[in-house]
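This document starts with one chain, in the form predicted on its own, laid out as structure tokens.
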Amino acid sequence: MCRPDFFTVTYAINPWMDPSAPTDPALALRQWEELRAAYERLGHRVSLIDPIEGMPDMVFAANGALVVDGLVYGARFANPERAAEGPAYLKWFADHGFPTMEATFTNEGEGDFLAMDDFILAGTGFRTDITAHKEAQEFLGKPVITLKLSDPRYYHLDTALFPLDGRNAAYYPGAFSDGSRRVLETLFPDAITADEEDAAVLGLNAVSDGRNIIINMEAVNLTNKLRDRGFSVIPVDLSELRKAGGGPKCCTLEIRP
């Protein structure tokens, strides 16, 4: 994770961002601290990367890389406003002894790559070049399944889908192309599907450890569905960070040893 010490909205690179709307950096930091504390209460270890002035979106650590089986596939951002984040995250991993690969093709880390037990789901359509899917597969040695996003509000895969565990997922069907919806129905016949109301508050930008799920507190219907399936759900308030299009998952890069 990365503290939002320099968080603000000074540019617009997704439909959620409005530079004319005020932001409250102190509130963003308090909300982020609550998210970090929630992970630690569950027994998870949180590693921190130092925030860098001039990178207001660096708080969204998920976009910084993809880590699978201890291998780190680096991010190469689509927008120049975030370009410097990719090398910063890759350096952190290299400095901590991880084998790393600098990406040749545009991709935004776990924003568009979500790891399951036996394969990796990969989004395209707005940010990540489909050729990066092939590059990641070759480097990581796991099958990569392409999913096309069709709604610009859900510009990253992690805004429209999250793994419930290594075998199943929750997703918002309206974020995907017709063909990709059919793929998801085949892969996850027992999936939990979210409605438009919960997707619109980034309810799918959630993090699950297989038992506990941290989710935006406004996603009430989805929360109830998850509890009905036996998950322990921890709602959090990240309303300030959502002004830049982020939620719990955006703030969380999972390190898989």
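As the structure is a computational prediction, the values presented were derived from the model and not from experiment. One-based numbering along the sequence shown.
Heads up, the form predicted in complex with arginine isn't pictured, but that's what we're talking about next.
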Pick from 155 to 163, 67 to 75, 140 to 148, 90 to 98: which stretch has non-hydrogen atoms within 4.5 Å of arginine in the predicted bound form? 155 to 163
In the predicted bound form, is there a heavy atom of arginine that lies within 4.5 Å of any heavy atom of Ala244, even though the partner is absent here? yes
Is there a heavy atom of Leu253 lying 4.5 Å or less from a heavy atom of arginine in the predicted bound form? no
Classify Asn63 as contacting or not contacting arginine in the predicted bound form by the rule of any non-hydrogen atom within 4.5 angstroms, answering yes or no. yes
Touches arginine in the predicted bound form: Gly123 (any heavy atom, 4.5 Å): no
What residues in 66 to 97 sit within 4.5 Å of arginine in the predicted bound form, counting heavy atoms only? Arg82
